[in-house]
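Here you get one chain, nothing else, as structure tokens; it is the form predicted alone.
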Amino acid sequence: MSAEAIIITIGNELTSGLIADTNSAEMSLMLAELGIVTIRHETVDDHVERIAAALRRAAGEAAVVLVAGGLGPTEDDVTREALALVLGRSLELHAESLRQIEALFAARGYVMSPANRRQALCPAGAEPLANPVGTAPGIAASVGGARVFVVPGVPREMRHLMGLHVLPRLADAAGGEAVVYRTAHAFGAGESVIGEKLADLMGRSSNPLVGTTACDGIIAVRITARGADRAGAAALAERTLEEVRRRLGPIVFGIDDQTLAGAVVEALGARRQTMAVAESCTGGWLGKLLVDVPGASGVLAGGVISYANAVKEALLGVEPDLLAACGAVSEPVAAAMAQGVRRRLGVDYALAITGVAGPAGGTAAKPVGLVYTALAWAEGQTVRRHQFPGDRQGIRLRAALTALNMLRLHLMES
């Protein structure tokens, strides 16, 4: 039987919603790699008694308790004090931790503030965990029968201490079981349609366990496989992944970390072909998605943000009469934008987007959410009409993703 874990994240900035808690998700995935199941995430403000109460609850419910945050140098960083309270011990200055903190400041050319001495405090009997990439050492302790590990809340430091200290010490807690996650990403069908195609794989007691989540039109099919060891779990996950791909066909654009833009860049790179973009309502979002992909410079020549009609005319060669007759949000103008940027930048393919992103500007004939996406190449063009739901940001992102998918499918078919 696998050990169970509870993860506690600390900070007023988290409980107030000013900063999103990303550490809990990352730490859960790290534990799952060892076969340790996380049963709860809890977020607590910078309050000694409330942190201590959360620690006591967690230690009474799970064999492993991970805490992230509250190890900084200021008075509101009180996780050390809370752990000492739970242990019933005093805080002591750990000389080696202080030496390491002073050395880090010296190496960076700074004078250490006296406040940073607080970061070298550790509950008596607990073990400081050296932090070579920051000024906050972690802490390892036992609370009842639970193994407690406290790490910094700075994500980079959290990851480093988890890999350096925590995960190696928890390798024996997996109970001989391993967990492997795989994800297939799909675009072009709704979550309900995909759910119907995969219904027999999605039983709650199945192994692997298959589930779906939707975001901005992209459906993630998540596979969780358990096995006696990592090789066995990976084999189970791979077989299910291949079955998912077989059933969903071309709407699957990527596996695990692959993005839709990444799939397009990869396909064009394999063909040694280039592309450009012309954007109106998306205002450069399509170009951003492409540039986010390492290696995009090998396929993306550039783009034009032609928000104003005058720019459509001057830079893309869209005829004034066409704009007057059809309006900027129309099939003919979308096609002209795509062909214009393709010719202007001398590329193999071009994508264009024009639409009404709202919240104002819609009419009965051209309501908010109406978007045209166009794909142009030397031998032809394709234009599609869409009516997207959502707010201004959602409409623009969906439009950019839809345009990318047009090109991806065209490359698959040609």
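Please read all numbers here as calculations on a predicted model, not as lab measurements. Whichever C-alpha set is largest while still superposing within 1.5 Å between the two forms counts as the rigid core. Each residue number is its position in the shown sequence, starting from 1.
There is also a form predicted in complex with another copy of the chain; it is not shown, and the following applies to it.
Undergrad: Only one of 330, 224, 100, 339 has a non-hydrogen atom within 4.5 angstroms of another copy of the chain in the model of the complex; which is it?
TA: The option sitting close enough to the partner is 224.
Undergrad: Counting only non-hydrogen atoms, which stretch in 237 to 245, 92 to 100, 138 to 146, 271 to 279 is within 4.5 Å of another copy of the chain in the model of the complex?
TA: Of the stretches listed, the one contacting the partner is 271 to 279.
Undergrad: Using heavy atoms and a 4.5 Å limit, would one call residue 113 a contact residue for another copy of the chain in the model of the complex?
TA: Result yes; residue 113 sits at the interface with another copy of the chain in the model of the complex.
Undergrad: Does residue 304 make contact with another copy of the chain in the model of the complex, using a 4.5 Å heavy atom cut-off?
TA: Contact with another copy of the chain, yes.
Undergrad: Please run the contact check for residue 208 against another copy of the chain in the model of the complex: heavy atoms, 4.5 angstroms, yes or no?
TA: The answer is no: residue 208 has no heavy atom within 4.5 Å of another copy of the chain.
Undergrad: Answer with yes or no whether residue 293 is in contact with another copy of the chain in the model of the complex, where contact means some heavy atom within 4.5 Å.
TA: Because a heavy atom of residue 293 falls inside 4.5 Å of another copy of the chain in the model of the complex, the answer is yes.
Undergrad: Going through 258 to 289 from first to last, which residues have a non-hydrogen atom within 4.5 Å of another copy of the chain in the model of the complex?
TA: Stretch hits, in order: 277, 279, 281, 282, 283, 284, 285, 287, 288.
Undergrad: Using a superposition on the rigid core, decide whether the Cα position of residue 266 changes by 2 angstroms or more between this form and the one not shown.
TA: No, shifts by less than 2 Å.
Undergrad: Does residue 116 count as moved between this form and the one not shown, where moved means a C-alpha shift of 2 angstroms or more after fitting the rigid core?
TA: Where the cores coincide, residue 116 still shows a C-alpha shift between this form and the one not shown that is 2 Å or more.
Undergrad: Look at residue 59 and decide if its Cα position differs by 2 Å or more between this form and the one not shown after superposing on the rigid core.
TA: Result for residue 59: yes, a 2 Å-plus shift.
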